Each structure stands twice: as C-alpha cells, then as structure tokens.
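A single chain, nothing else alongside it, follows as structure tokens in the form predicted on its own.
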C-alpha cells in the first residue's frame, strides 16, 4: 500500500542502441512493460519514417491473418487459446512466417474458389432437376384435364412447316427468386399484353448460395407463348430479373432420361463436395492451432516497428537514439532487458541507458494490483494525479465503501451485495477467461472488490442501524421496559415511555435499540440521529482532506503554504464547523432526563442549528422559563471570538501567499533547466550506479498547485478564486454531506414500504391459500428488493459517494492535472487489439 501514497518516481532516459540490436532490444522492453517512449520525430510524416516498409509488411500479414480467421470462423472451426503468448519472432523467423502465411492464404483461396465452383455447379444441377420435375407435373396435369389441342401442340414431334401451320405453342422453363415472382408476372403480362400463360411452383426447401452460404428461396416457372418475337422478349425479362433458364425437352421420355442423368451427376458432385469439404476442414483445423500464435507474433512485430519509428538516427547513421520515461524502481529491469536484447542478436556493442535531467512534467504512474486497481480507476476518472502528488486512492479504499454504507445501511441488502461481490472475487479467474462483450457486466466485474467492500460495510452499518429488510433484531435485549400494567395498555392505543422510568441506563450493546422499530416517533428520532451523523462524518472527512494538503506542501518544498494556506483553512473550518460538531456531542452528553438541574433536562436542550445560525448572525433567542440560551457559561463570548478569528483567516488566505511570493521573488532567480534534448549526455557513458542518476522530483514538479512563475496580478487572481471557493465551499460542502442522511432515510423507508405493502399481503392468511399468496408475494418482494433497493438504490448511493469524494474531499488537496503513464507493453497492446476485434 505504501506505493499508492504517491505516484512512482520517474526518470527521463536516453537509449543508445545499435541498429542490428534495435529489434530484439525493443522486443525485450515490450515484454518488460516499464518504458514509455517519446516521439523524437514529431515533424516527420508517418510514411517517411525509417521502418515504414516493415510496418507495411506487418499490415499485409495482418490482412492475411484476418482473411484466414474469417474463413476459419465461416466453417465453424474452433480456435484454441494459447496458454502462454509467444515472443516476437526474430528477423529470420519473420521471413519464414511471411512465406508460410502467403502459402496458407493461397491454399485457402484455391480451396474456396474450387468449392464455390463446385457449389455453383451443384446449384445449377439442383435447379435443373427441380425444373424437370415440376414441368413434368405441369404437363401431367394438362393431360388429365384433357387439353388435347394444347398437349398435342406442345409435345408433337412434327417439325418445320407442318408445326408452324398448326400454330404450335412454345415454352420457357427456369427458376427465379421467390420475392421477385409478383413483379416478374406483371412484367410478362405487360410485354405480351396477356398472351403468355405462366405456371409456377415454389420449391419446398431453400437452396444454398455458393458465394455466401446463405439460404435462398426460389420458384420454378414455365411460360407458354407463341412466336419467336415473344420468346425473345421473355428471355430478356428473365435476364433482367436474374432468372435462370434451363433446357426442358418437350417429350416425356426425354425428360425422364434427362432427370436420371441429372440425379446421377448430382450424386457424383455431392461426393466430390464432401471430399472437398473434408479436405478444407483438415486444412483449416491445422491452421487454427497456430492462428492465435501467428496473430500475437505479428501484432508484436508491428508494435516493435511502430516504436522504432519513434527513435532518431544519430549523424553517423550507426546508432539509434530513443527517449523514454522509466520508473526509477524499474531501471535495473530496463537495463537487463537491453542487455538481453543485445545478447539475443549477438551484438558485440552493448546498448546504453543514460538518465538525463529535464524540466518537463513526468507522467504519473501508480503501481496497482487487482485489489487496488478499481479504486485507482475511480480517482483517475476525475483526473490523473499530478506527478508525485498525494494519491487519494489509498484512503478511498476505506472512506468510499464506508460513506456508501452510511447511505445503504441494511444488513440484508448489504449481505446480498457482499455475496455478489464475493462470488465475483472467488470466480474471478474463470469469469475473466470468458471475456464477455457485455459492457455493464465488465463494469461490475472490474469493480468486484469495491462491491465486496461496499457490501461488507453496509452489513456493518445495517447492524448499527439495526435494520435488516426494514426489520430490527433484538439480539442483546432492549434497554427499555414497559412500566405500565396490562389494564393501562389495553385502554390506550399509544403510550409514551419516559426515560426516567422505562430506560435502564445501560445502552443497547451495538447500534440502535430495537424498541424504536415499534415507536411512533421512529422517523423523527432517526432523522435527528442520521442528520447529525452526516454532519459529523462530513466535517471529519473535509478536515482530513485539508490536512492532506500539508503532505503536498511539504513534499514540493512549499512550506510557506502550510502557514499561509493550510493553517487559516483548517482554523476557519475548525472554529466554525468542527465547533458545531462539538456542540452536538456536548448536547448528547450534558442534557439528560435524570439531570437534577432543570436547565440541563431534555426539555431545555437548545437546537444546535439555531445556535450556529445565531453565532454567525450575532443574534440571540429568548429561552423558555428555567432554561438557558447557551449550553455552557461564556459560550456567547467564545463564539464571538471564533467567528472573529475565522473572519481574520480570510484575508490571510487571500493575501498571505501573493505577498510572500512578491517579497521573495527578487531573491529567487530562475534556475537553469535542461530541455531534455537528445544531444545531452551524448558521451555514451554506461550508467552502472543507479543511485547517482535518479532525478530529484522535488525540483521539477509542484503537483499542479504552483503559480510562482506567474506575474503578481495572475497570482492574486488565482488566490482570490481559491479563497472565495474555499470559504463558500465549507458551507456548501458541509450541507452536501446531508445527502448521507437523505439517502439513508429514503432507503430505509422504501424497504419498509416494500415489506408492508408487498410481503405482508402474503402473511395475512394462515391456510393453504395464504401459502400460495405468500409464495407470490415473496416473488414480487424479492424482485423489487433486488431491482429497486439493491440495484437502483445501490447505484444512486454509489454516485453520491463518488461525488462526495470528487468534490467535497479531493478538492481540498488534489489538483489532478497530470497525464497517465502509458508504457510500451505487449500485454496491454494485445488486450486493446482483442477488445477492438470484439
């Protein structure tokens, strides 16, 4: 956890690598994932860089892999996942891989082309068989009807002049797509003026498109006509509607013989198709085993060459120079990676790593694990921390689920949430391996540890509230007893329990006494209780945020801000709002029903809110007879002093820092900083003692809070804005924490409404009908509990808790003006590519 207190210390380094060792060295750095490279050729076009040809080769290989993968998916061949990602291939293996991919692509292309041709032939023969079978049915039906003249003219064997004299009818047979049949019929009617006799029959089973494999539905038709001119027109219409025409002999014997021949050819062609399909399956299955490994290797190669394009060539063209940000803790790993890269290619000249000084703002890198990553993402969503700034994520691990639980406090609902989070944590390995594309599920899974802690904390606050599905648990026995006899209880619908007589002076062991569950003034009591708790937690949370600014001031060597900013801020907050919290505790302790002094009985307890308003307005209220306006002696004078000191803190916050900087500016000349150019440290001296080259972050960054280099007028404007914002925000932010009370009350009331109006419906009858009612009522109650109270109310409480951290807490010390450290890491690149593919 210590690594999360602030971001990692970064160093700007220069890499001097021999060209022959550049590929293997960058490959090792990608496996290590500890280096963020800078572009040393920002003005050079992407197509004019040194390794653009290699990138194009990788693009071509990626295209081939995409084609192969599409063909594998088309045939439904399973692509096994690799247990361990292969390393980037060396330059010699790249040539072999390129040739292998070329051969594989050509083989699959040839197989696909042959399969399409065979399927096209099979489709044509199938359509011909259907045409012959359907036309035979047409002619048979005509013979049965007794259309002798038509039949004779259709199947007559007479030829030449004799056929023409008898006015013989001709016909055209074929298939057309089913959705085009109505338009096809209308067009034939129009061109022939009704002189075409059309018969059609739909195919029962769909056919397969040879190119796409999709199902197509077609209809067989026979068009009867008279005259060669009309025949020509009909053929043109068929061509326009993409209808396939097939020869159909007029003789019944010839049609039967032709059908037999077509069926024989179909059987032979089907056998060839099966053999081709089996061979294609074997080829694709063998390719699928290596497809994932090839894809990973090509993506790594492409990433390496993209990174090498960021390097600069020295004037002698014998050395590649690169610049990168490296966490100082990872400098030994980077040097080891460079040494391994040089050894892998057999280079006799080692690569060098040289740390240089710069005045540029380094990137922010917070090292996280699977537990802390979710909380760090919550902070980064607001803004990435400035370099070496205090990181709020460390404290958010506790404060975030706790403030959520204050609003979501219910033992039952918290248990449901904790079980859901615990299930995701226990099954995280198998769930992560599924790689779901559901965005909502991925958000829940990424925050599984947050959900688990929110559920556990909600169970604790539910125990304190003594609330489980809107009911209370009497585990330790109530501290109240009923002092009335049975006769009094029977005659009165409601009775008041006086703490003098009914309270045992021993509080309930933990949380709220279960007696309040049946009290008529339950909401009034819980309102006061939770409202005060909200203010107490809010003031403590804000004071903690203001105190965290001291850590930043001390680290960035701006200790004057401790006296000129922190002290007046904390004094202003403490004398006003911490004093209000003190009055709450004093009221709880000092006023009691058993107090002998009348002024300190419960009837004389003053309102803390009225006292605070009178304190700010310097006004007074007339107390009731026998009571006191204030809680203790000299409180009025103390409050005046507190308000006066708080008002004096405002000009200190406004003018202290600008006047101090104005007075000391002349004595602080601007230091000379390196610009981090590639020519600095060009002596190529190998760094062996890492302790001597670590940069000093204190002199480089100010955590996004510093305005020392600006003119005095700009400093005054900034300070005025910050002062006004802080003074006003102490009031608005304190009131903002009342959302803890509001959402907690709303959650408890919704839970009670669901119990009384839904589940109680099934508890009224005590016979078998009541059992059925209870079953139905419980189903609805459980559904509404999960959907409304756990999901919707949980999301609402989550968003309000997020706002309390982002605005009320982090605004006191957090600038969030940094930029994230994005190292060159193969693992991250591959994950991004997979998400892009999905």
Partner chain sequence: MKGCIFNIDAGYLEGLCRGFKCGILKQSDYLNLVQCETLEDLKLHLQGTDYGTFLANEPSPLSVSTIDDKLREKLVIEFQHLRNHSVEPLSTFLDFITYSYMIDNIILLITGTLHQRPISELIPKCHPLGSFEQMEAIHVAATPAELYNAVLVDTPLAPFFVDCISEQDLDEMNIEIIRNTLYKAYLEAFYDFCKQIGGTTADVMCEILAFEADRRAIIITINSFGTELSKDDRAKLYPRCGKLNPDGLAALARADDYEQVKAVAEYYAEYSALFEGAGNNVGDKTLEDKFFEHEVSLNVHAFLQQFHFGVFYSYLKLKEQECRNIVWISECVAQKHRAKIDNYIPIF
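Only the largest set of C-alpha atoms that superpose within 1.5 Å between the two forms is called the rigid core. These numbers were taken from a predicted model, which means no experiment stands behind them. Residue numbers count along the first chain shown, from 1.
Here the subject shifts to the form predicted in complex with the partner chain, a form of this protein not shown in this document.
> Taking 4.5 Å between heavy atoms as the contact cutoff, choose which of 640, 260, 336, 236 touches the partner chain in the predicted bound form.
Of 640, 260, 336, 236, the residue with a heavy atom within 4.5 Å of the partner chain in the predicted bound form is 236.
> Among 100, 190, 231, 718, which has at least one heavy atom within 4.5 Å of the partner chain in the predicted bound form?
Looking at the other structure, the residue within range turns out to be 190.
> Non-hydrogen atoms within 4.5 angstroms of the partner chain in the predicted bound form: do 60, 66 and 179 all have one?
Verified in the predicted bound form; spot residues all in contact, yes.
> Only one of 784-792, 768-776, 798-806, 52-60 gets a heavy atom within 4.5 Å of the partner chain in the predicted bound form; which is it?
Every other range fails; the passing one is 52-60.
> May I ask you to state whether residue 755 is within 4.5 Å of the partner chain in the predicted bound form, using heavy atom distances?
Residue 755: no, not in contact with the partner chain in the predicted bound form.
> If you check in the predicted bound form, is residue 170 within 4.5 Å of the partner chain, heavy atoms only?
Residue 170: no contact with the partner chain in the predicted bound form.
> Residue-level question: is residue 240 within 4.5 Å of the partner chain in the predicted bound form, judged on heavy atoms?
Output for residue 240 is yes: heavy atoms within 4.5 Å of the partner chain.
> Please determine whether residue 186 contacts the partner chain in the predicted bound form, using a 4.5 Å cut-off between heavy atoms.
Yes.
> When the two forms are laid on each other by their rigid core, does residue 407 show a Cα shift of 2 Å or more between this form and the one not shown?
False for residue 407: its C-alpha shift is below 2 Å.
> Would you tell me if residue 183 moves between this form and the one not shown by 2 Å or more at its C-alpha, with the rigid core held superposed?
For residue 183, whose C-alpha is compared between this form and the one not shown after core superposition, the shift is 2 Å or more.
> Do you see a C-alpha shift of 2 Å or more at residue 241 between this form and the one not shown, with the core held fixed?
Indeed, residue 241 is displaced by 2 Å or more.
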